[in-house]
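First, one chain by itself in C-alpha cells, the form predicted alone.
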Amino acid sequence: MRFCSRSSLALGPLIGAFVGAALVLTASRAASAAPCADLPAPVIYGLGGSATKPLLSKIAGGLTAAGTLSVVYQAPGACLGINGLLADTKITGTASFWDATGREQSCTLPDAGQTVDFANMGNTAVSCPGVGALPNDVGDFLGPVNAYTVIVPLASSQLVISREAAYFAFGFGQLGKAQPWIDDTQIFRRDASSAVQLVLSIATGVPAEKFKGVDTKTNQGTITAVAQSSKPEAAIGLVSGEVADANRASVRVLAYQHAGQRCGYLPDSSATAFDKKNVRDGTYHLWAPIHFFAKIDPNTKKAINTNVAKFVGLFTSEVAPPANLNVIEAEIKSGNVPKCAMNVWRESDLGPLSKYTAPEPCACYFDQVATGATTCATCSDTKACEGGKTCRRGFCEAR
C-alpha cells in the first residue's frame, strides 16, 4: 500500500562513553537464575540487539529441543554487541536462553565474566560508533532481512511520515514544528547503539546520538510507551519490523516516504498484510539484513569456534539444520524476509538497490508461510512444474 501527498514534508493530517554498565544486568535478577554454564553443552554466548529475539526464540529453541546447541544471549544494544566482540569484553549478570518450547529464560553468567562468541545486530559494523572497519579476523555473516518502522498509537489519525518530517520530528522535537509530533515527552526513541535508531539516522540525516525524545531502552519499551500514550495524536516511536508485526493490536506502522519518492509505502502491501511486498521489491526504504559477527580464520573465512560456525551456518544455508528445525520457515514466521524471497539487494546500510535473483528462490514458499496463500502451483517433483520452473519446498518456484 502506498500513501501519496502533494507535500514532500508531509505536515498535514496525513503526515506528518557507552560499553560499560550497559552490559551488566541487575543482581536481583542474577540471584534467581541458574548458571548459564549448567545448560546442556555445547553453549555459545552472544551479545547485541533485542530486535532479533523473536527469531532467536525459534532458532535457539529448536536447537535446544534437538539437543545440539544452547544459545545464551545478552541484548544491551546492537552496537554494544560488535564493540564487545572486538574488545573481548566479558559479559556479566544475567542473560537469556531459550528452552525446547522457544520460551525465553534467564541464566546467570560467571562473576568473572564470560567471553562473547558472537555478536548480532541489524546494521553493518561500520555504522556503529567506534568501528572504522572490521579487522580481517572478524567475519560478517548475513541472516534474513528485517524492516525498521516508525509507529504511532492505534488512536492516531496519522498514516504516513516523510523523510523530511522525520528529520524535523526526531531531530528537533517541538522546535521542528513537524505537526503533530511536537511534544518531546511523546517522541519515543532508542539510543545511539540501537540498530533501528542507526537506520533512521542514516535515512534522515539526524545524528544517532542527537535524536530527541524519551529513551525507551528496548523495542518492547517503545511499544508500551507508544501504545499507552495519553496523547495519541502526538505520540511516535521507532521499532524493528518484526516487533511491530507482533504488536499490531497495540500500535500502527506509518508508511514511510523517502527523499525522491512521491508516495509513502508500508513494509507490506496493506496495513493488514504480512507479505512484505514493499520490502521485497525495495519500494519500502527502511530495511537491512541481520548481521552475525564472529572471530574467523582469515584464510578460510570460517568461524574459529566450530559451534558458532554451525550456528551462523544455519542462516547462510551452509549448515543443514536438525530435522525438527525449518530455518527459513522460522525466519518468515518471525517477521523477517529470507534472502531467497528478495527481489532486490543492497551492499550497505540503506545503500543503492540492485536487482537480485536468488540461486534458489523461495517467493512462493514465503507467500504461503507469511500469508497462508500463494498463486504458485503445488508440486511433489519438478515434472509437475511448467514454464521452466522447479519444484522446491512443495511449490513450483523460479529456477
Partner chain sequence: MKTRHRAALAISALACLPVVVLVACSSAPVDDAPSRQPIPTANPTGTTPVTDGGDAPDAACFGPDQCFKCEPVQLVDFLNACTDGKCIPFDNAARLPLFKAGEPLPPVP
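Quick caveat, the model's predicted, so the values are computed rather than measured. Residue numbers count along the first chain shown, from 1.
Not on display, but discussed next: the form predicted together with its partner chain.
Q: Heavy atoms, 4.5 Å, its partner chain in the predicted bound form: which of 280 to 288, 73 to 81, 87 to 95, 119 to 127 makes the cut? Say which one.
A: Every other range fails; the passing one is 280 to 288.
Q: Give a yes or no on whether every one of Leu175, Pro207 and Gln261 sits within 4.5 angstroms of its partner chain in the predicted bound form by heavy atom.
A: Every listed residue reaches its partner chain in the predicted bound form, so yes.
Q: Just to confirm, Ser348 within 4.5 Å of its partner chain in the predicted bound form by heavy atoms?
A: The answer is no: Ser348 has no heavy atom within 4.5 Å of its partner chain.
Q: Report whether the minimum heavy atom distance between Lys217 and its partner chain in the predicted bound form is within 4.5 Å.
A: Contact check for Lys217: no, nothing within 4.5 Å of its partner chain in the predicted bound form.
Q: Pro180: heavy atom within 4.5 Å of its partner chain in the predicted bound form?
A: Yes.
Q: Does Pro321 reach its partner chain in the predicted bound form, with heavy atoms at most 4.5 Å apart?
A: Result no; Pro321 lies far from its partner chain in the predicted bound form.
Q: Only one of Val243, Leu159, Leu314, Ala235 comes within 4.5 Å of its partner chain in the predicted bound form by heavy atoms, so just point that one out.
A: Comparing distances to its partner chain in the predicted bound form, the residue within 4.5 Å is Leu159.
Q: Using a 4.5 Å cut-off on heavy atoms, which residues of 379 to 399 contact its partner chain in the predicted bound form?
A: Nothing in the stretch sits within 4.5 Å of the partner.
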